[in-house]
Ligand SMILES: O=C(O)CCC(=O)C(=O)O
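Next up: a single chain in structure tokens, the form predicted on its own.
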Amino acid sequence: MWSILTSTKSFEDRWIAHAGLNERGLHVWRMRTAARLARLRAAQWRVPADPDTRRLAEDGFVVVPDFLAPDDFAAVAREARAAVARSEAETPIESNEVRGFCPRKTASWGFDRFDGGTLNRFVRIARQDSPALHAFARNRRLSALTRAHLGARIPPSAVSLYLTVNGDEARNPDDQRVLHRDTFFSTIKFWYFIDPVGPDDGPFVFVPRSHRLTPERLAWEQMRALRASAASKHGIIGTEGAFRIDETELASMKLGAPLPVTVPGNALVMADTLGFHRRGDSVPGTRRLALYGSVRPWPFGPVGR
């Protein structure tokens, strides 16, 4: 029963999937309570409001161009490309024919993980080889944004280099290209892009303002929770709790169309992944290189950090 007060989202858990409790609003209660506590944690930091923190709060995502000064960006880009080149020298890029989310393949530099045919390569930041990357992971502006929204900072250990190599959707589809939200409470992900991301590079796609717990959104969540509870009761797999959504359902929640976020290099994209999002369409073989990090605090914690 204690799983109710954890970050557990899977409806394979018998308490999260409890039909009687969900009929009485358990899932929606968890969402509302987590949202109240996120506001409480954020209030403890008293981060001064500015256009970026307001945009993240209002729209659920923010784009910050020219995030670093030109010299700092040049150093970060140089070290990022060198680190990725070292990883490729040790572990060449491969293709994948296995469907769905695949397990990690670890290496001395980090790990690879495939989503269908799309490769996600995460490269650890080594302080001795990459002082500029190490400094970026401790950027105060990053933590100010996440503390203003969630009341929690980005741990430097949660920041890594992230190379995406887009696969061929016709051969092996990528489940991350389906519109979804990550879990039942607000979490933050960011991508600081080294190279420009155009419409053919698999840009981040987000539905503006879809992170808000409006009556329409909560009604949709209640419906999906009841459906997931019923599926779990009958032993149907795929009840992990990262709910997928068809674009045709957005209008019922008074939401607009998904927005592809194309950016130049040296741009930060940060999003509350309670909002609906996906990886955008792409040309097979195209790449995205970014510094990436995430914040997923205990949703029922009252103390900021």
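Sequential numbering from 1, following the sequence displayed. Here the structure is a predicted model, which means the values were calculated and not measured.
Not on display, but discussed next: the form predicted in complex with the named molecule.
Site annotation in the predicted complex: the residue of F185, W191, F136, W109 reaching within 4.5 Å of the named molecule with a heavy atom is W191. Taken together, H27, R224 and F243 are entirely out of contact with the named molecule in the predicted complex: none brings a heavy atom within 4.5 Å. Proximity to the named molecule in the predicted complex, taken as heavy atoms within 4.5 Å, picks out 174-182 from the listed stretches 92-100, 174-182, 213-221, 71-79.
In the predicted complex, R278 approaches the named molecule with a heavy atom inside 4.5 Å.
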